[in-house]
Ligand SMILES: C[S@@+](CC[C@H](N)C(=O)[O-])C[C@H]1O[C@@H](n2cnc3c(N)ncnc32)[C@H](O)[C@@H]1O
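Below you will find one chain, with nothing else, as structure tokens; this is the form predicted alone, and questions on how it binds or moves follow later.
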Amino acid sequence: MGDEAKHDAWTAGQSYEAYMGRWSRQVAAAFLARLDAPAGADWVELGCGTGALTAAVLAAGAPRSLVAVDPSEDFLAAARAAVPDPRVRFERGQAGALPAADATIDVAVSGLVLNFVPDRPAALADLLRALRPGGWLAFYVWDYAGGGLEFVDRFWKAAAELDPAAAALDEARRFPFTTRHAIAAECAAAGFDDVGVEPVEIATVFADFADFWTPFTLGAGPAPGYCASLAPERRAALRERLEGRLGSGPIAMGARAWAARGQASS
């Protein structure tokens, strides 16, 4: 993984909740509302994090079983505490090596994860391996490439004005995969049929500037990892620039994810 990923810290469950978890819960609910998955299915979730999509699947998907996988023990502990449901089993695991036997899963899902996976073709191939004939893959990623996650986009633009080297860390540059066309092309190349990609949009509303800024200082995620790495005076300059542009609040911004769906051949 390149130097641009050096701030991708995914170990602090509570810090992630403050930064992204509250928004990931909203987009997970909107995603599941459109999925129309069959009741009583066997599911696997790649990259469950703190359990936002896991909870949505259990609430709206009526699964028979769900295996939720993540490489972070800290995130798994947070998810187990947040989602005490006997239908779900949380397991530590990596993309490309799911703890699921061949052709045993009806629905494979992932939320806000696949753009971070270094070998995405291998991960998609492994998801296809686990699906039964006619089973469904469904996932979503933020539209980083299109500036669709506005509060993160605003952070990186201000950071790059003060530190040109920050531009290389911006998810908009790092993740060209996060476009409608690229997502559809990779799913088709992996062997999925009937691939479709649609936008899912939510609002991110911050009560005041502190509500916007504080999660960036906690170190969980690429932008917060970068912010936490700054010397105090440079962090203060970045805060001042952003506050001058955004004001004291409330602050409302848009957020768009691309939701993909594809089917394993029958």
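As the structure is a prediction and not an experimental result, all values here were calculated from the model. In this text, residue numbers run from 1 along the sequence as written.
Only in words, not in the display: the form predicted together with the named molecule, which the text now covers.
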item: Partner-facing stretch of 111 to 119, 83 to 91, 181 to 189, 155 to 163, counted where any non-hydrogen atom is within 4.5 angstroms of the named molecule in the predicted bound form; value: 111 to 119
item: Residue 258, heavy atom within 4.5 angstroms of the named molecule in the predicted bound form; value: no
item: Proximity of residue 99 to the named molecule in the predicted bound form, heavy atoms at 4.5 Å; value: no
item: The named molecule contact at residue 136 in the predicted bound form, heavy atom, 4.5 Å; value: no
item: Partner proximity in the predicted bound form: residue 224 to the named molecule, non-hydrogen atom cutoff 4.5 Å; value: no
item: The named molecule in the predicted bound form: contacted by all of 43, 61 and 105, heavy atom 4.5 Å; value: no
item: Stretch 20 to 49 - residues with a heavy atom within 4.5 Å of the named molecule in the predicted bound form; value: 24, 45, 46, 47, 48, 49
